[in-house]
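Only one chain is shown below, in structure tokens, and it's the form predicted on its own.
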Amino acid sequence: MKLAIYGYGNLGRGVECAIAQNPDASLFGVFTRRAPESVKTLTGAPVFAAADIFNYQDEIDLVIICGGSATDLPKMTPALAAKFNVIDSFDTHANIPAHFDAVNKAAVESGHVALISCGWDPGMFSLNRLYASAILPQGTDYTFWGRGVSQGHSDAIRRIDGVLDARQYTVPVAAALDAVRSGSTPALTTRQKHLRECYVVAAEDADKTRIEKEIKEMPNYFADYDTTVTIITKEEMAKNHAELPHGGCVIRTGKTGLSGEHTHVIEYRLQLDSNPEFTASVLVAFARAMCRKASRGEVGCKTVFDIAPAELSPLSGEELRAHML
């Protein structure tokens, strides 16, 4: 499968690395909004101007779109789905239905396939929520993220006027996590499950009080959480916040038996050294499935719920049955 990367930040570089690990994938090139001559790829892959991507429709099997969910993907994914098979990692959960509708319209009208909201959450965590709730219908779902850097939330802060750089750490509330793992089913509000720690490098003349207020009141990102904002220097950012770890867990507590006498706890956990590299690895696996769907003439937008597990693997059905089942 011949893949293209659209956007070359942390996620785009992660996709480049993931493609290199998959022998059935090749990288056509990187498309960037920066001046192409100013961008040096990790593998020496060619770099093109983002606006030129439509000149290569016949040479690319699928475009992996590596933009931010706040402002990039709502525009990029429908526009590119009108000309290419595409996949993105849109992660603003509240806006997924609207994003799906927009991308589906573009993909159906153009005869392409698209996959949205693919990564680890939404993505792998979504699948585990579905599996667990289907297996234990009498139960309760809990999702905890972190402690780790949220790329989407960090990107949203960086879009605020006067912000030069930002890292946002999502932090589970330990007491809430322990209560769920014990098998009890506490009723937890959004605020009771997670804290959000924001570290911000602000322009020298920026109104730091305004920046803090905009962060804490941002809907879908911070308004429903206890949030701390710490203004730091660029040197502190480089020294203490250069890495991008993340992780978390999906837990479902459920009951079985005629009177619910037995309690079961299902937990799926991730501990990630690099959030973007892991997300990129998920994207490339699902790109394989989408290329297979495109080759069969399927069209329209999909989510991870629509992909059969076997389509993610480069192994044949015989190999999967012999070694994985």
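Residue indices: 1-based, along the sequence shown. Quick caveat: nothing in here was measured; it's all calculated off a predicted structure.
Omitted here: the form predicted in complex with another copy of the chain. The next part is about that form.
The shortest heavy atom separation between P137 and another copy of the chain in the predicted bound form is within 4.5 Å. Although the partner is absent from this view, Y56 stays clear of another copy of the chain in the predicted bound form, with no non-hydrogen atom inside 4.5 angstroms. Taking the partner from the other structure, another copy of the chain in the predicted bound form has no heavy atom within 4.5 Å of any heavy atom of K105. Heavy atoms of M124 reach within 4.5 Å of another copy of the chain in the predicted bound form, making it an interface residue. Heavy atoms of no residue among I5, T227 and A238 are located within 4.5 Å of another copy of the chain in the predicted bound form. Between another copy of the chain and the residues R210, H93, K83, R159, the one pair within 4.5 Å by heavy atoms in the predicted bound form involves H93. Looking at 73-81, 181-189, 227-235, 194-202, the stretch with residues near another copy of the chain in the predicted bound form, meaning non-hydrogen atoms within 4.5 angstroms, turns out to be 181-189. Scanning 215-250 for heavy atoms within 4.5 Å of another copy of the chain in the predicted bound form gives just one residue, E243.
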